[in-house]
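Only one chain comes next, encoded as structure tokens, the form predicted on its own.
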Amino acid sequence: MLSSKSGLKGVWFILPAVVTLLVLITYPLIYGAYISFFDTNLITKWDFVGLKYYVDIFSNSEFLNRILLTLHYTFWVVVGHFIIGTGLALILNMKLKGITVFRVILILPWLFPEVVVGLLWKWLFNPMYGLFNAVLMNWGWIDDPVSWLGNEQTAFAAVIVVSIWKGFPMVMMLLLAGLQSIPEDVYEAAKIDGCTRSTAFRYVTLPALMPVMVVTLILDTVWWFKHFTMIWILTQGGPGNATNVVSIDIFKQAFDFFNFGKASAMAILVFFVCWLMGYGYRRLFGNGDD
């Protein structure tokens, strides 16, 4: 009887989380998949079209080009996050005076809302009164203002820089937490065995960090593969299609062309791409325990 009551209490404890997941994740996913089989305006028009939108997507190279562009964008953003995040995590893990202040300062980009970050960097990149052009022209590095977000050659790189600046604190803090979970005894034993700092990093730190790094890699990759807000604020997918990643394309299909069925089909395919990336990471790195 006591066991039964305890089990019932456990159900009540997890019920809010289960309901939240069903309402915010499961229902929208199922409803999105349902919409992808219809030519609909979401109100009065519900014409069943079956797999038409999926066939159209796979028979058109534009969607594949968007996926490749998004993968290109995600690759450089994640690489930047891990290079900066790992380096700063190692520094912040040192026992230095005032290190807590730097931890607070370095996490600020992640705490700022994406809309604020997008608008701030859009002002910095502005060709007429932006800070970057003013500084570069003052130093004599450029003669005329550069339209950083209006040029196909620079817009993509500019979006990547902004995304790296915004996202590196998450990687930094997760890896810092992983570093702080490694016992000091392990390093002391490695030092007694004659390990230098570089060999200790390779054979002690990296293997111990691997579980955290795998989870961080999956989260960071999926998050930025489907990213929308800052790219929309900075370029709206332009100039041309230079920054027209798949999330921007889905938004345009739904709210510019009101093709909700096709937009839903594209979103479902993006979901499976994200799942495949996560699965590929787990197959490549295991659970990070090897």
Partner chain sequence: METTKRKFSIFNTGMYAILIVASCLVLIPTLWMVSTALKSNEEVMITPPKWIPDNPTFESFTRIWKDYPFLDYFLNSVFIVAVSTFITIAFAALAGYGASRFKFRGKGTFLSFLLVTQMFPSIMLLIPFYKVLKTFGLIDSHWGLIVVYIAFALPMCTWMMLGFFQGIPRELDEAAMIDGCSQIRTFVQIILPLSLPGIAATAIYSFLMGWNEYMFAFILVTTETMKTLPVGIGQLNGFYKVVWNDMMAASIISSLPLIVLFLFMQKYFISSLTAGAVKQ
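Positions refer to the first chain, counted from 1. Here the structure is a predicted model, which is why all the values come from computation and not from measurement. Under this definition, the rigid core comprises the largest set of C-alpha atoms superposing within 1.5 Å between the forms.
Another form, the form predicted together with the partner chain, is not on view; read the next lines as being about it.
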#### Entry: in the predicted bound form, the one of 71, 142, 186, 91 near the partner chain [non-hydrogen atom within 4.5 angstroms]
91
### Query
Contact between residue 242 and the partner chain in the predicted bound form at 4.5 Å, heavy atoms?
no
### Message
Just checking whether residue 167 would be counted as a contact of the partner chain in the predicted bound form - the rule being heavy atoms within 4.5 angstroms.
### Response
no
### Query
Would residue 26 count as a contact of the partner chain in the predicted bound form, using a 4.5 angstroms cut-off between non-hydrogen atoms?
yes
### Task
Would you please decide whether residue 65 lies within 4.5 angstroms of the partner chain in the predicted bound form, comparing each non-hydrogen atom pair?
no
### Query
If contact means any heavy atom within 4.5 Å, which of 103-111, 72-80, 151-159, 199-207 contacts the partner chain in the predicted bound form?
103-111
### Message
So, a 4.5 angstroms cut-off on heavy atom distances: do all three of 17, 46 and 177 pass it with respect to the partner chain in the predicted bound form?
### Response
yes
### Query
Can you name the residues of 237-267 that have a non-hydrogen atom within 4.5 angstroms of the partner chain in the predicted bound form?
247, 250, 251, 254, 255, 260, 263, 264, 267
### Message
Once the core is superposed between the shown form and the other one, does residue 16 show a C-alpha displacement of at least 2 Å?
### Response
yes
### Query
Core-aligned, is the CA shift for residue 25 between the shown form and the other one 2 angstroms or more?
yes
